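Just the one chain here, laid out as C-alpha coordinates, in the form predicted on its own.
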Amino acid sequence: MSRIAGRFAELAAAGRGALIPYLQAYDPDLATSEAILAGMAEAGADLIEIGVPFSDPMADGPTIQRAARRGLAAGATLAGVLAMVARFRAHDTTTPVVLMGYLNPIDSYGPERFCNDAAAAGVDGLIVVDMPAEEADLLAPHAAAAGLDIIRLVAPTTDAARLPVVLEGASGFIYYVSITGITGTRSASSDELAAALPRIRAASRLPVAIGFGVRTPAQAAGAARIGDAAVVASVLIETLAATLDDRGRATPGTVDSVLAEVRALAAAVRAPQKIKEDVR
(Lines give C-alpha, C1' and ligand atoms only; values in the text may rest on other atoms or scores of the structure.)
Protein backbone atom coordinates (compact mmCIF):
# COMPACT_ATOMS: atom_id res chain seq x y z
CA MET A 1 0.00 0.00 0.00
CA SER A 2 1.33 3.43 -0.95
CA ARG A 3 1.81 6.15 1.65
CA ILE A 4 -1.14 8.05 0.15
CA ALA A 5 -3.49 5.06 0.22
CA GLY A 6 -2.31 4.17 3.70
CA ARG A 7 -2.94 7.66 5.05
CA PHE A 8 -6.46 7.85 3.61
CA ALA A 9 -7.23 4.39 5.01
CA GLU A 10 -6.06 5.52 8.47
CA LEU A 11 -8.20 8.64 8.32
CA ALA A 12 -11.25 6.76 7.07
CA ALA A 13 -10.91 4.39 10.01
CA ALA A 14 -10.70 7.42 12.30
CA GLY A 15 -13.83 8.87 10.72
CA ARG A 16 -12.41 12.14 9.43
CA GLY A 17 -11.08 13.79 6.33
CA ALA A 18 -7.58 15.02 5.55
CA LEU A 19 -5.95 18.42 5.50
CA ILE A 20 -3.58 18.94 2.57
CA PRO A 21 -1.76 22.27 2.88
CA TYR A 22 0.27 23.63 -0.01
CA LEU A 23 3.59 25.37 -0.10
CA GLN A 24 5.54 26.71 -3.04
CA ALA A 25 9.08 25.36 -3.01
CA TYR A 26 11.80 28.01 -2.56
CA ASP A 27 9.26 30.71 -1.63
CA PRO A 28 10.67 33.17 -0.71
CA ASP A 29 13.89 31.17 -0.37
CA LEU A 30 14.95 27.56 0.05
CA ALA A 31 15.64 27.69 3.80
CA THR A 32 12.26 29.24 4.63
CA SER A 33 10.28 26.83 2.50
CA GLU A 34 12.17 23.89 3.99
CA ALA A 35 11.42 25.13 7.50
CA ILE A 36 7.72 25.38 6.67
CA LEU A 37 7.74 21.93 5.10
CA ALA A 38 9.50 20.46 8.13
CA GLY A 39 6.84 21.87 10.48
CA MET A 40 3.70 21.09 8.53
CA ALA A 41 3.07 17.54 9.75
CA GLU A 42 3.44 18.53 13.40
CA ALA A 43 1.10 21.45 12.71
CA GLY A 44 -1.57 19.03 11.48
CA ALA A 45 -0.97 18.34 7.80
CA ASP A 46 -2.13 14.85 6.82
CA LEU A 47 -0.60 15.06 3.35
CA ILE A 48 1.52 17.88 1.89
CA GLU A 49 1.36 19.36 -1.60
CA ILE A 50 4.52 21.06 -2.84
CA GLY A 51 4.32 23.39 -5.80
CA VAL A 52 7.18 23.30 -8.29
CA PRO A 53 7.82 26.89 -9.42
CA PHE A 54 7.13 27.37 -13.12
CA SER A 55 7.29 30.45 -15.32
CA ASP A 56 3.82 30.00 -16.84
CA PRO A 57 1.51 28.54 -14.17
CA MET A 58 -1.71 28.76 -16.18
CA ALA A 59 -4.00 27.22 -13.56
CA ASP A 60 -2.85 29.48 -10.76
CA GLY A 61 -4.14 32.84 -9.70
CA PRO A 62 -2.04 35.92 -8.93
CA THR A 63 -1.13 34.80 -5.40
CA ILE A 64 0.52 31.54 -6.46
CA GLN A 65 1.93 33.13 -9.61
CA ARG A 66 3.80 35.62 -7.43
CA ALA A 67 4.99 32.78 -5.20
CA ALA A 68 6.29 30.94 -8.26
CA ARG A 69 8.20 34.04 -9.37
CA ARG A 70 9.73 34.38 -5.92
CA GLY A 71 10.70 30.71 -5.98
CA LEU A 72 12.30 30.98 -9.41
CA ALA A 73 14.16 34.12 -8.35
CA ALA A 74 15.48 32.16 -5.36
CA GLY A 75 16.93 29.55 -7.69
CA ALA A 76 14.27 26.85 -7.77
CA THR A 77 14.76 23.97 -10.19
CA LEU A 78 13.00 20.64 -10.51
CA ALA A 79 16.12 18.87 -9.28
CA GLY A 80 16.32 21.29 -6.37
CA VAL A 81 12.75 20.56 -5.35
CA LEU A 82 13.45 16.81 -5.40
CA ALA A 83 16.50 17.39 -3.21
CA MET A 84 14.28 19.37 -0.83
CA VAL A 85 11.90 16.40 -0.55
CA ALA A 86 14.82 14.04 0.04
CA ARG A 87 16.00 16.16 2.96
CA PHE A 88 12.47 16.20 4.37
CA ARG A 89 12.38 12.41 4.19
CA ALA A 90 15.46 12.22 6.40
CA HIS A 91 13.21 13.08 9.37
CA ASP A 92 9.69 12.26 8.15
CA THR A 93 9.08 8.91 6.49
CA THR A 94 5.31 8.77 6.93
CA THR A 95 3.67 11.99 5.66
CA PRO A 96 2.67 11.63 2.00
CA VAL A 97 4.13 14.27 -0.32
CA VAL A 98 2.55 15.24 -3.64
CA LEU A 99 4.29 17.43 -6.20
CA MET A 100 2.10 19.84 -8.14
CA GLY A 101 3.48 21.29 -11.33
CA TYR A 102 3.43 21.52 -15.09
CA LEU A 103 4.53 19.20 -17.85
CA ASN A 104 7.26 21.27 -19.50
CA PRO A 105 9.86 20.96 -16.70
CA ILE A 106 9.17 17.21 -16.43
CA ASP A 107 9.50 16.75 -20.18
CA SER A 108 12.77 18.71 -20.16
CA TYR A 109 14.08 16.68 -17.24
CA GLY A 110 13.10 13.42 -18.95
CA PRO A 111 9.89 11.69 -17.81
CA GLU A 112 11.46 8.34 -16.91
CA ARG A 113 14.43 9.92 -15.15
CA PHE A 114 12.12 12.30 -13.33
CA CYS A 115 9.85 9.52 -12.04
CA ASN A 116 12.78 7.46 -10.86
CA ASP A 117 14.42 10.45 -9.14
CA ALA A 118 11.12 11.60 -7.61
CA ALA A 119 10.45 8.17 -6.14
CA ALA A 120 14.00 7.94 -4.82
CA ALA A 121 13.59 11.36 -3.16
CA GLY A 122 10.42 10.23 -1.39
CA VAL A 123 7.69 11.77 -3.54
CA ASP A 124 4.43 9.81 -3.42
CA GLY A 125 2.22 11.42 -6.04
CA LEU A 126 2.14 13.83 -8.97
CA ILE A 127 -0.39 16.46 -10.03
CA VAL A 128 0.49 17.60 -13.54
CA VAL A 129 -2.01 20.35 -14.20
CA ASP A 130 -1.60 20.69 -17.95
CA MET A 131 -1.29 17.00 -18.84
CA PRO A 132 -4.54 15.83 -20.48
CA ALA A 133 -5.55 12.21 -20.15
CA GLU A 134 -4.85 11.67 -23.86
CA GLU A 135 -1.17 12.51 -23.30
CA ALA A 136 -0.70 10.71 -19.99
CA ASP A 137 1.25 7.92 -21.67
CA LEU A 138 4.21 10.32 -21.65
CA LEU A 139 4.41 9.92 -17.89
CA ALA A 140 2.05 7.21 -16.64
CA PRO A 141 4.12 4.07 -17.42
CA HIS A 142 7.20 5.54 -15.76
CA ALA A 143 5.20 6.74 -12.76
CA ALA A 144 3.63 3.31 -12.32
CA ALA A 145 6.99 1.60 -12.57
CA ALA A 146 8.39 3.93 -9.91
CA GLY A 147 5.39 3.52 -7.61
CA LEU A 148 4.16 7.10 -8.00
CA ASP A 149 0.47 7.95 -7.96
CA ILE A 150 -0.81 10.15 -10.78
CA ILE A 151 -3.56 12.30 -9.31
CA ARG A 152 -6.13 13.45 -11.82
CA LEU A 153 -8.03 16.72 -11.79
CA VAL A 154 -11.81 16.76 -12.17
CA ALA A 155 -13.61 20.07 -12.68
CA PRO A 156 -17.26 21.16 -12.48
CA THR A 157 -17.20 21.19 -16.30
CA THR A 158 -16.05 17.54 -16.57
CA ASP A 159 -19.17 15.91 -17.98
CA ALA A 160 -20.35 12.31 -17.73
CA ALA A 161 -18.74 11.32 -21.03
CA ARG A 162 -15.40 12.87 -20.14
CA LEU A 163 -15.19 11.67 -16.54
CA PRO A 164 -14.19 8.03 -17.23
CA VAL A 165 -11.51 9.23 -19.66
CA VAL A 166 -10.04 11.59 -17.06
CA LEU A 167 -10.08 8.96 -14.32
CA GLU A 168 -8.58 6.11 -16.31
CA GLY A 169 -5.32 5.17 -14.65
CA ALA A 170 -5.82 7.58 -11.75
CA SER A 171 -4.44 6.58 -8.37
CA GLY A 172 -3.85 8.03 -4.92
CA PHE A 173 -6.82 10.37 -4.84
CA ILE A 174 -8.92 12.52 -7.14
CA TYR A 175 -8.42 16.28 -6.99
CA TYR A 176 -11.78 18.01 -7.44
CA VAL A 177 -11.25 21.55 -8.72
CA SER A 178 -14.30 23.02 -7.06
CA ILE A 179 -14.57 26.14 -9.22
CA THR A 180 -14.15 27.05 -12.85
CA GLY A 181 -11.18 29.34 -13.27
CA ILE A 182 -7.85 29.85 -11.55
CA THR A 183 -6.81 29.29 -7.96
CA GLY A 184 -7.66 31.72 -5.18
CA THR A 185 -10.47 33.59 -6.92
CA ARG A 186 -13.68 32.34 -5.30
CA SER A 187 -15.04 29.40 -3.31
CA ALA A 188 -17.74 26.84 -4.04
CA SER A 189 -20.72 26.63 -1.69
CA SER A 190 -21.36 23.54 0.38
CA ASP A 191 -24.48 22.88 -1.73
CA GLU A 192 -22.40 22.99 -4.93
CA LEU A 193 -19.88 20.58 -3.46
CA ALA A 194 -22.52 18.20 -2.16
CA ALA A 195 -24.17 18.13 -5.59
CA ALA A 196 -20.91 17.52 -7.44
CA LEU A 197 -19.40 14.70 -5.38
CA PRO A 198 -21.92 11.87 -6.04
CA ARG A 199 -21.08 11.63 -9.73
CA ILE A 200 -17.38 11.39 -8.92
CA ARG A 201 -18.03 8.79 -6.22
CA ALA A 202 -20.02 6.77 -8.73
CA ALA A 203 -17.10 6.78 -11.17
CA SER A 204 -14.27 5.92 -8.77
CA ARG A 205 -13.60 4.54 -5.31
CA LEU A 206 -10.58 6.79 -4.86
CA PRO A 207 -10.72 9.45 -2.13
CA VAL A 208 -11.72 12.91 -3.33
CA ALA A 209 -9.77 15.99 -2.26
CA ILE A 210 -11.45 19.37 -2.77
CA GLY A 211 -9.31 22.36 -3.68
CA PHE A 212 -9.28 25.75 -5.44
CA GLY A 213 -11.02 28.25 -3.19
CA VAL A 214 -10.77 26.56 0.23
CA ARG A 215 -9.56 29.39 2.45
CA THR A 216 -10.97 29.41 5.98
CA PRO A 217 -10.94 26.77 8.72
CA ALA A 218 -14.71 26.41 8.32
CA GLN A 219 -14.38 25.90 4.58
CA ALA A 220 -11.63 23.33 5.11
CA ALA A 221 -13.79 21.47 7.61
CA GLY A 222 -16.73 21.49 5.21
CA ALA A 223 -14.67 20.31 2.26
CA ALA A 224 -13.08 17.51 4.31
CA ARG A 225 -16.54 16.45 5.48
CA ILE A 226 -18.21 16.49 2.06
CA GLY A 227 -15.16 15.01 0.33
CA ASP A 228 -12.24 13.13 1.84
CA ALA A 229 -9.74 15.98 2.03
CA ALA A 230 -9.39 19.74 1.82
CA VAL A 231 -6.52 21.29 -0.13
CA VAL A 232 -5.59 24.77 1.11
CA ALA A 233 -3.15 26.83 -0.94
CA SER A 234 -3.64 30.51 -1.76
CA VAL A 235 -4.48 31.68 1.75
CA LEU A 236 -1.30 30.11 3.12
CA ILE A 237 0.74 31.84 0.43
CA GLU A 238 -1.01 35.12 1.26
CA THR A 239 -0.11 34.67 4.92
CA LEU A 240 3.52 34.07 3.97
CA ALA A 241 3.60 37.05 1.60
CA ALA A 242 2.18 39.36 4.29
CA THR A 243 5.21 38.65 6.50
CA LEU A 244 7.86 39.46 3.89
CA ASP A 245 9.88 42.66 4.12
CA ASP A 246 9.82 45.36 1.46
CA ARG A 247 12.42 43.46 -0.54
CA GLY A 248 10.42 40.24 -0.50
CA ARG A 249 12.60 38.51 2.05
CA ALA A 250 11.45 36.31 4.92
CA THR A 251 11.23 37.84 8.38
CA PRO A 252 11.47 36.13 11.80
CA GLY A 253 7.70 35.61 11.83
CA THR A 254 7.30 34.05 8.38
CA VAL A 255 7.53 30.36 9.25
CA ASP A 256 5.54 30.64 12.49
CA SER A 257 2.74 32.59 10.80
CA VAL A 258 2.22 29.95 8.11
CA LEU A 259 2.38 27.06 10.56
CA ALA A 260 -0.07 28.79 12.92
CA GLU A 261 -2.55 28.96 10.07
CA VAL A 262 -2.01 25.29 9.29
CA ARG A 263 -2.76 24.50 12.95
CA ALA A 264 -6.03 26.44 12.81
CA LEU A 265 -7.06 24.63 9.62
CA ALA A 266 -6.13 21.26 11.09
CA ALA A 267 -8.10 21.91 14.27
CA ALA A 268 -11.19 22.64 12.21
CA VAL A 269 -10.78 19.57 10.02
CA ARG A 270 -10.42 17.41 13.11
CA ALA A 271 -13.63 18.81 14.60
CA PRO A 272 -15.79 19.55 11.54
CA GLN A 273 -19.07 19.14 13.42
CA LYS A 274 -18.23 22.25 15.44
CA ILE A 275 -17.80 24.46 12.39
CA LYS A 276 -21.06 26.15 11.36
CA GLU A 277 -19.89 28.61 8.72
CA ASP A 278 -21.05 27.76 5.20
CA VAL A 279 -18.43 26.71 2.66
CA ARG A 280 -18.73 29.69 0.35
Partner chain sequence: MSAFPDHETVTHDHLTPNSRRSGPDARGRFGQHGGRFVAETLMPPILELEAAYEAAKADPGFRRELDFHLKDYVGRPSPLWLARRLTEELGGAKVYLKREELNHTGSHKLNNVMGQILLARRMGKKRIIAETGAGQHGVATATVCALFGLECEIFMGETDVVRQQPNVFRMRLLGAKVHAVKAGAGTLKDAMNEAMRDWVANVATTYYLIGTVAGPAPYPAMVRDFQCVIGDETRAQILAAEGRLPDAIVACVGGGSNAMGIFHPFLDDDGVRLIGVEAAGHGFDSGQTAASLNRGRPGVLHGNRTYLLQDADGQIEEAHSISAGLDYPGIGPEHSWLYDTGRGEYVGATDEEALAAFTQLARTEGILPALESAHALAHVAKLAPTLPAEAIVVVNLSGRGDKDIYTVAEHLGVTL
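Fair warning: this is a prediction, and the values are worked out from it, not measured in the lab. Positions refer to the first chain, counted from 1.
Note that the form predicted in complex with its partner chain isn't included here; everything after this is about it.
Every member of the trio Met58, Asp130 and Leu138 reaches its partner chain in the predicted complex with some non-hydrogen atom inside 4.5 Å. Shown without its partner, this chain lists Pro207, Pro105, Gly122, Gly125 as candidates; in the predicted complex, only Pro105 has a non-hydrogen atom within 4.5 angstroms of its partner chain. None of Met84, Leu78, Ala196, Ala74 but one reaches within 4.5 angstroms of its partner chain in the predicted complex through a heavy atom, and that residue is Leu78.
Of the heavy atoms in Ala155, some are within 4.5 Å of its partner chain in the predicted complex. For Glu168, no non-hydrogen atom is located within 4.5 Å of its partner chain in the predicted complex, even though that partner is not displayed. Heavy atoms of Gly51 never reach within 4.5 Å of its partner chain in the predicted complex, leaving it off the interface. Taking non-hydrogen atoms only, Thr32 never approaches its partner chain to within 4.5 angstroms in the predicted complex. Considering its partner chain in the predicted complex, the lone stretch of 37-45, 251-259, 233-241, 65-73 in range is 65-73 [heavy atom distance within 4.5 Å].
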